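Just one chain follows, in the form predicted on its own, and it is written as structure tokens.
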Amino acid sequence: MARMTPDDRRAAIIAATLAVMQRQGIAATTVRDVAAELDASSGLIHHYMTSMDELIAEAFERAAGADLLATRALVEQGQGPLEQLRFFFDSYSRAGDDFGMQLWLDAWAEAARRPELRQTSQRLNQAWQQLIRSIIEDGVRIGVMNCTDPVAAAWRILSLLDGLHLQEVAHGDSVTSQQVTKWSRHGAEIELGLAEGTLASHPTAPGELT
């Protein structure tokens, strides 16, 4: 590798790890693979990372955390809880592409064997739930949503979204992206006492809001 600062080198290692994870999955990602991706030695990886579990967890957090930040930023542009929830569905980037959802599936599958990854995925998953919960709580407070338990409702909405996206990624010929969109939004409408169609996609595409 070219000469870098320690921070730049560590960032390059994490980026290479993410590239390998995307290509062959978390379970099959090894130090040797990451070193080959960087055209470096395994010793260099060990110098900057205490363990492969730490490296996997950091790479996962970089990708999954960026998705969460992007969705949160768009939600914050919404004018009121209903629009914020529409924007949440419009920009649910954890499953915005096959790799986004596959990364989470890999993380959930490996969590039992990798404590650091389990802690990271659990913390990020709770942050997704808390984002939905805060929108629901605001909606209940101003009287546009009807929900007696925002915490449980947020978990159910998140679980419905993830479950449908899982089906789409694994069995795209059975569940389409259009069905995921329709069913998840309708499920949230039922959950929150909203009229059908209330959470329909915003006419302005995410990232193009004015």
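Don't overthink the numbering: it's just position in the shown sequence, from 1. It should be emphasised that the depicted structure is a prediction, and the values quoted were computed from it without experimental measurement.
Missing here is the form predicted together with a further copy of the same chain; even so, the following discussion is about that form.
- Using a 4.5 Å cutoff between non-hydrogen atoms, R62 does not count as a contact of a further copy of the same chain in the model of the complex.
- In the model of the complex, a further copy of the same chain lies within 4.5 Å of some heavy atom of I190.
- a further copy of the same chain in the model of the complex is not approached by D39, whose heavy atoms all lie more than 4.5 angstroms from it.
- The closest non-hydrogen atom of H171 lies within 4.5 Å of a further copy of the same chain in the model of the complex.
- Proximity of Q102, S121 and V151 to a further copy of the same chain in the model of the complex is complete: all three residues have a non-hydrogen atom within 4.5 angstroms.
- The stretch among 63-71, 154-162, 30-38, 48-56 whose residues place heavy atoms within 4.5 Å of a further copy of the same chain in the model of the complex is 154-162.
- Using a 4.5 Å cut-off on any heavy atom, none of the residues of 48-83 reaches a further copy of the same chain in the model of the complex.
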